[in-house]
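Shown next as structure tokens: one chain only, the form predicted on its own.
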């Protein structure tokens, strides 16, 4: 039986609270992992591990949280801004993220804002309800 988005969100919220030591009311769909919830790079591994366990799935490295998104090709970034080609690559690697909102101000420094609670829910919804 497919899981509802609410069920997925509840499980994700519990795992993020445990992994990051944040309160339930801090874990909103729009919350960014690094900016709002204080996640550091090492926390991303722990989050993936907890999600794999909670949902009974395997998440290949780099699939949920792609690494070095802009370092792969110099055509993806120019003067600190993600190019159209770079945006297309982000859409390919992160179909679960809100790239359209990011495209409004595609500075490299804004990439962490793509990593939201809702992005995780979108990713898991596609995986567990496929």
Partner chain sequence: MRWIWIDRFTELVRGERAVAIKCISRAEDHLQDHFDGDPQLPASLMIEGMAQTAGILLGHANDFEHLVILAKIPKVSFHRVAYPGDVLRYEAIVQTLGEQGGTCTIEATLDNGPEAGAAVAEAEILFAHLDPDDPDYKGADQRNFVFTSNLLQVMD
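Numbering follows the first chain given and starts at 1. Bear in mind the structure is a predicted one, so any value in this text is a computation, not a measurement.
Keep in mind that the form predicted together with the partner chain is not shown, yet the notes after this line are about it.
In the model of the complex, at least one heavy atom of residue 50 sits within 4.5 Å of the partner chain. Shown alone here, residue 12 lies farther than 4.5 Å from the partner chain in the model of the complex, counting heavy atoms only. At a distance threshold of 4.5 angstroms between non-hydrogen atoms, residue 45 is in contact with the partner chain in the model of the complex.
Contact annotation: residue 19 falls within 4.5 Å of the partner chain in the model of the complex, judged by heavy atom distances. Considering the partner chain in the model of the complex, the lone stretch of 55-63, 79-87, 95-103, 27-35 in range is 55-63 [heavy atom distance within 4.5 Å].
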